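Presented below, as structure tokens, is a lone chain in the form predicted on its own.
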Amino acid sequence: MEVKGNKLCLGKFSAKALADKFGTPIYVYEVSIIRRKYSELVKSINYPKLDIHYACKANTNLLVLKLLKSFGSKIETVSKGEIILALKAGFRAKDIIYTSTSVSKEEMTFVVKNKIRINLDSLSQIELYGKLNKGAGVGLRINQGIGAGHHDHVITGGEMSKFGISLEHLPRARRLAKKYNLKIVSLHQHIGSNILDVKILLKAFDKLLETALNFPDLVSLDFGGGLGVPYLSTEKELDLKLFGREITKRMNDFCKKYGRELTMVLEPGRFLVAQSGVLITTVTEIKKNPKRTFVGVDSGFNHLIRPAMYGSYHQIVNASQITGRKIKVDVVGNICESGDVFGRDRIISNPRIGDILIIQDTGAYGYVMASRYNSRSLPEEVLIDGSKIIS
């Protein structure tokens, strides 16, 4: 994004021009940002056998999937639907990883039939998979008691998390695998989402390496995702150079001890796409009471649920006039719920009905979590690549 003539632009297009062309609300993703984030991550890690598997639950737009595939990314999925989308986007079965929870026999059968690589999340999943696909190579998702993230709902490790096989159950997991002649070829972990502290990521990295020494047949180690992006101006970017340097060193040292070089798997989702996206809305009303000014827009938490669900912060900008007299407002949506608030006490250029407001950093967990609540339509999605619109 950049400012031209006091108006916000995405690529070569002003937010107003995009709103006029497509109507609002609309999600817009900038290709250049996804390209840059992918390149920064890959270049920061100097390990020869590195596989990036984009965690597509962050954003399953088919054009985004195809874009990441063109960069060399593989893909990580958590449902039958995501596998279908990955195959539709052109990913080969061998480049798809499936990791899920509470899996039905029907979904597991689909995974086996399509020869998708799997990370088994529980003892019961090992039993189910073993009955369906004896003798296969599998990954195990491990819960090693380490969890982190921006909200309790996104912490996926530790005793309160439903995910993964706990360390004390690993002996039983190995016995079950042996029962069905399953070969454990990968270990997987994912501790949570939007982590900006390298020390926490490295702590989990080290713990998985320690556990891996007890598994002699490994081909890869999957360290999951969780790489964060700053949403608040007070937050610092993840120190990617430090992260890349340290995991490269640790992996090289481990492989020397292990006796052979394993593939390192990372599953970034939010990190690659969050900052590429904006939700463009139009101001529909301005309402005041003795203490507050409410700026209503033509979208709601049915389109972006993160603020209501997680208390998440997204920067909001008046794209129709970046500079000018600033006022304090609450930006609210058009859903019949008191929790339908995009932001309280936001300082923005004095809004008028018809102005275009942009809600930033919505490329991850925006449209994919949208619903038709209140029987309202879903927004459109488009990609901007410089002077080109892809929709």
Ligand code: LLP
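One rule holds for the numbers: they count along the sequence shown, beginning at 1. No experiment lies behind these values; they were computed from the predicted model shown.
The form predicted in complex with the ligand is left out here; the points below concern that form.
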Exercise. So in the predicted bound form, does Q275 come within 4.5 Å of the ligand, heavy atom to heavy atom?
Worked result: no
For this session: Answer with yes or no whether R306 is in contact with the ligand in the predicted bound form, where contact means some heavy atom within 4.5 Å.
Result: yes
Exercise. Can any non-hydrogen atom of H188 be found within 4.5 angstroms of the ligand in the predicted bound form?
Worked result: yes
Exercise. For R117, is any heavy atom within 4.5 Å of the ligand in the predicted bound form, or not?
Worked result: no
Exercise. Using a 4.5 Å heavy atom cut-off, are Y27, T60 and P379 all in contact with the ligand in the predicted bound form?
Worked result: no
For this session: Find the only residue in G164, G300, G225, G139 having a heavy atom within 4.5 Å of the ligand in the predicted bound form.
Result: G225
For this session: Please pick, from S73, Q125, S320, S193, the one residue with any non-hydrogen atom lying within 4.5 angstroms of the ligand in the predicted bound form.
Result: S193
Seminar exercise, completed: Assert contact_stretch over 179-187, 129-137, 261-269, 248-256 against the ligand in the predicted bound form, heavy atom within 4.5 Å, equals 261-269
